[in-house]
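First, one chain by itself in structure tokens, the form predicted alone.
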Amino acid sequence: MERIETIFLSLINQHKGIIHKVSKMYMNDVEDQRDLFQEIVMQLWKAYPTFKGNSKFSTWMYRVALNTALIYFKKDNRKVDKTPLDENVDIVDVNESDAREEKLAYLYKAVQQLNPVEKALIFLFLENQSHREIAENLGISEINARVKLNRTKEKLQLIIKKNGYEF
């Protein structure tokens, strides 16, 4: 049992960036992100005995993390941040690194306005997954993934422009 636990923890440590990104994509508040992170790790541990190695661990991890986030999001929908995008955003006189972080924060804030499936689409797109990989991870056809992703990107652009911020 200790060997399995050690392997699992090593894999989690190796791919923990996926969990952080999913948590940040679905939750705006830092405390909620931590809670979702823990929930995803717990679900990964519960499901780990079913991982047969037919796909890469990271691919399996995406599926479990996104499914957990979708369920968690539904349970916790009342905590979704509904504040306007222009709050807490100051784009004057910042260095390049701060500007990049600020753009990312603004993007995550805009993504908060998408529905859970749209968030998953954008997340997988930002992870440079192909339409085929996105389709596999979400259990939809490749054509459906392509259409939904294009619509979601357009919607995200509108949200960003509507709030007066452009990249």
Partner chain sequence: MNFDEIKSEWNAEDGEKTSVSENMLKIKQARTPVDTIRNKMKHEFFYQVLVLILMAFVPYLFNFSAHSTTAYLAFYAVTCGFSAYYFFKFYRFYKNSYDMSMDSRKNILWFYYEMKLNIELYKALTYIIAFIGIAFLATLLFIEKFYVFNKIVSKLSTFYLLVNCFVTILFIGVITELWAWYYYGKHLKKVKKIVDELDSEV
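Numbering follows the first chain given and starts at 1. All values derive from a computational prediction rather than experimental measurement.
Beyond what is shown, the protein has a form predicted in complex with its partner chain; the following relates to that form.
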I'd like to check something about residue 58: if you look in the predicted complex, is any of its heavy atoms closer than or equal to 4.5 Å to a heavy atom of its partner chain?
no
Whether residue 43 contacts its partner chain in the predicted complex should be assessed with a 4.5 Å heavy atom distance threshold; does it?
yes
4.5 Å heavy atom contact, residue 53 and its partner chain in the predicted complex
no
Hey, in the predicted complex, is residue 30 touching its partner chain, heavy atoms inside 4.5 Å?
no
Residues from 57-72 in contact with its partner chain (non-hydrogen atom within 4.5 Å) in the predicted complex
60, 63, 64, 67, 68, 70, 71, 72
